[in-house]
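Okay, so here's just one chain, in structure tokens, the form predicted alone.
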Amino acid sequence: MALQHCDFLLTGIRELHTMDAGSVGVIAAADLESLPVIRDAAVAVLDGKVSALGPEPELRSQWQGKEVVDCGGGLLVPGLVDAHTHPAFAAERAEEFDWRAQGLSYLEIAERGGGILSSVRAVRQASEVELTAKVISHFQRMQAHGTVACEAKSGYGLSLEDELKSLRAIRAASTATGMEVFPTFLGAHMVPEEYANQKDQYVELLCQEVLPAVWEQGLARAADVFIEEHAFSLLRAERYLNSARDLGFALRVHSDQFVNVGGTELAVSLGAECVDHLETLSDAGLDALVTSGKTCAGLLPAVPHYLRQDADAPAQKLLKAGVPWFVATDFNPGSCYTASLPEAAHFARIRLKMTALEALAGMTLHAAQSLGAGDRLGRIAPGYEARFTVLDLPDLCHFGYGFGENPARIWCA
């Protein structure tokens, strides 16, 4: 029997976690254990896509690779996808970490001049070249920890000029690093200082000028809003989200982080791709997510740790109810300064009581699905893109078991 030819034959794989159930879509937590795991495996790659996978002796007898890649006995998983990040910032906020150690709350730090608005001042002062260089460095940090694709939000410009600058910086950094980016416009992150007493006017600026400009220039696929008492009210968020949806944006929503004001129910009613944070999720919000079956629960477990909060998103209730979920870093300068999904996996296991498999599903197939890319990313299956993360771990139970370490490296065709 003649050997089939491929560009790459990946060998030396201790465990191959395909995250593939044979059909596109999310997978219930109860069904994760049935996903195929192939030990002593190999993968054939042709034209940047998976052609075949299986036990190594079997694939070596069927395929000849132009190049044979030894994975060194690591675990091969789909390339990690970070579905919630804020990389377009120009300066860190390390001083706030000391303030928090002294007992100041998130809102007290904002009142002292820190918080999101301090990041806004830094972005406005930075040139586009300077901001692009910062985003490049942020993407490189993510890649060093196994992330092959990410959702990347603007939201530290809060003016037409500076939001467009931020989104262009994200696009340029994607090109420079090879990070696949799903850009999200977050002009409704906070009301800027110059509109502090004119919140409705700022929302109208976003709806009538900024959203249309972002859409016309093709700089973002989705729009996001931070629904909180100190950010955007339910009514203002609804006005903004309806305008975004009418233009063609997908919707992603921050809600229920500090105070529950009904943001999850609004997000579900408008068909949002996801609603993220959820530390104060109500029973009504949970019911809305269950009824939807489509709006994803974005779980950001490192954030409450970073902010020294006791409350966590009710992950086990969400998973048991069949709500689709993803696990992300929320990488940003103020409330979660980590670009590492393996680190987020640790906090998912500690604080959200997830298994390693639940955390991994939230960073691969479910994250990709929430971004509309579940037909090509998030699984290792024939026809899917050959972008993998190699975990230098003895088995999957070790994923998130340690912390302060980096077990991940990327392999891409």
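What you see is a predicted model, and the numbers here were worked out from it, not measured in a lab. Residue numbers here begin at 1 and follow the sequence given.
From this point on, the text means the form predicted together with a small molecule, which you will not see here.
Contact with the small molecule, judged by heavy atoms within 4.5 Å in the model of the complex, is confined among 121-129, 232-240, 254-262, 141-149 to 254-262. Across the proposed site, Y156, H189 and G334 without exception bring a heavy atom within 4.5 Å of the small molecule in the model of the complex.
Though the partner is left out of this view, Y106 does reach within 4.5 Å of the small molecule in the model of the complex, counting heavy atoms only. The closest heavy atom approach of I116 to the small molecule in the model of the complex falls within 4.5 Å. Taking the partner from the other structure, the small molecule in the model of the complex has no heavy atom within 4.5 Å of any heavy atom of E163. Within 4.5 Å of some heavy atom of the small molecule in the model of the complex lies at least one heavy atom of R93. Of the candidates F249, Y202, F226, Y306, F226 is the one whose heavy atoms come within 4.5 Å of the small molecule in the model of the complex; the others do not.
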